[in-house]
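Just the one chain here, laid out as structure tokens, in the form predicted alone.
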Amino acid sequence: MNMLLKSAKIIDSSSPFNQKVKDILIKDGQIVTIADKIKEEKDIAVFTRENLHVSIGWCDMHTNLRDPGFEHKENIESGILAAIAGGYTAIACSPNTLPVIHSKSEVEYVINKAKNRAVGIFPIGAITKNLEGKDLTEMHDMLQAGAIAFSDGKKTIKNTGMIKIAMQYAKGINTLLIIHPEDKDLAPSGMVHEGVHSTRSGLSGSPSLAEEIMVSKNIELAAHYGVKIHFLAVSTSKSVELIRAAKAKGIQITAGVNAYNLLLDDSNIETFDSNYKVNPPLRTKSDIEALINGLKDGTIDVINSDHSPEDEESKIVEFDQARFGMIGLETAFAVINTSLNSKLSTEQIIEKIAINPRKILGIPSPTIAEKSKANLTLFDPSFKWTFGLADIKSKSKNTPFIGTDFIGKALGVINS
């Protein structure tokens, strides 16, 4: 790819050009020159736009691609299109497919199908076979095949003995466990946050404690066994406090939050729109404030899209029958930037969606410098726009954000 980016503000803390407005010349997929003014050349496409920003390509730690097995909801090809529309050049895909990504063959399937694409796809292998929480998978084989971490997705391993074995094994092969903190025994039919709005709506609630007790338990286990763990997505103020205290003690934990948990609160469920049925559930305004403070001080490291495509038969039904989740790749940055506008700097946001995910997953991080490979996201953090159906590239349309006014938009990616 040959392109000249004009007057682009560079957002990359690892770059000597960080926070500077420069022209960037890209030839054959490599950044050739970065300077104040670069002369336009014949056969070099020019991209210019008011308030153009450029960062390293964004990386999502939690994408559900549904491939293999549920290709009517999403497949690798449509997931890549959704990622590009949202500004992502790398995504880590969850193992909750059919078959589950629980052996070397499924890891190789994803890697081979995603070869030579504009978006790098990194498979996360399952911790237990069929995500059942009973038998450990061959994590070493999957690691050798290209899995970058291990998780049972949004199925929590309840058996403490199994968690112990998984942690000991993960430490032995020096890999990361990604954990969804939820004790379903406390609310087996919980659909929304347990509180005023669940009572008012009559919808079965899931208490904050269901998350917090698993955060606490896994922190203690990780500390005891000396293993690296990452909490997939936390949503309550107490969870933030627990993680903050654990990090202060030097325990090897990191944590993410889903973009929608920063903008939407549990009052939205009273519309009975099943697109608001998500896991973790939408919490209170005070929880949102605590999550934002956790992002500010580094307690929370990553912001996820939690892209969860579902077909109409799974969402356009009664609330209690609907599946959890909303699509998120196309809207993640807009949701993040709108909710954190003036609360976090653009550089801090990029840290949470581009730099930290790669650090945690052990993926090499690009940089914006001369002679470096061009792996870039172009965006405008102040652009005001309205999200519509035409902006959806996913096969599925399950989102409550159609018609929503946002601040901040991904404009495109360069990743050759």
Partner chain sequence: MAENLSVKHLLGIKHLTLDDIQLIFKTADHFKEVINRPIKKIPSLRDITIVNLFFENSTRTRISFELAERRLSADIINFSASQSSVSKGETLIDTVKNILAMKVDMVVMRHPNPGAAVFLSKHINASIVNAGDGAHEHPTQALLDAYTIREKYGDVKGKKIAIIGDVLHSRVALSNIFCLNKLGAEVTVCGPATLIPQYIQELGVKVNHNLKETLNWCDVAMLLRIQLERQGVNFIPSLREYAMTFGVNLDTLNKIERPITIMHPGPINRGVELSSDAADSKHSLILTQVENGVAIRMAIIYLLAGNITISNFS
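Numbering follows the first chain given and starts at 1. Treat the numbers as computed from the prediction; the structure is a model and nothing was measured.
Same protein, other form: the form predicted in complex with its partner chain, not shown, and the subject of what follows.
Comment: its partner chain is not present in this chain, but in the model of the complex one of Asp320, Asp135, Glu220, Asp297 has a heavy atom within 4.5 Å of it, namely Asp320.
When you look in the model of the complex, the only residue of Ala245, Ile316, Ile173, Leu98 with a non-hydrogen atom within 4.5 Å of its partner chain is Ile316. Residues placing heavy atoms within 4.5 Å of its partner chain in the model of the complex fall in a single listed stretch, namely 201 to 209, out of 286 to 294, 147 to 155, 102 to 110, 201 to 209. In the model of the complex, at least one heavy atom of Gly195 sits within 4.5 Å of its partner chain.
Its partner chain is not drawn, but in the model of the complex it has a heavy atom within 4.5 Å of Glu270.
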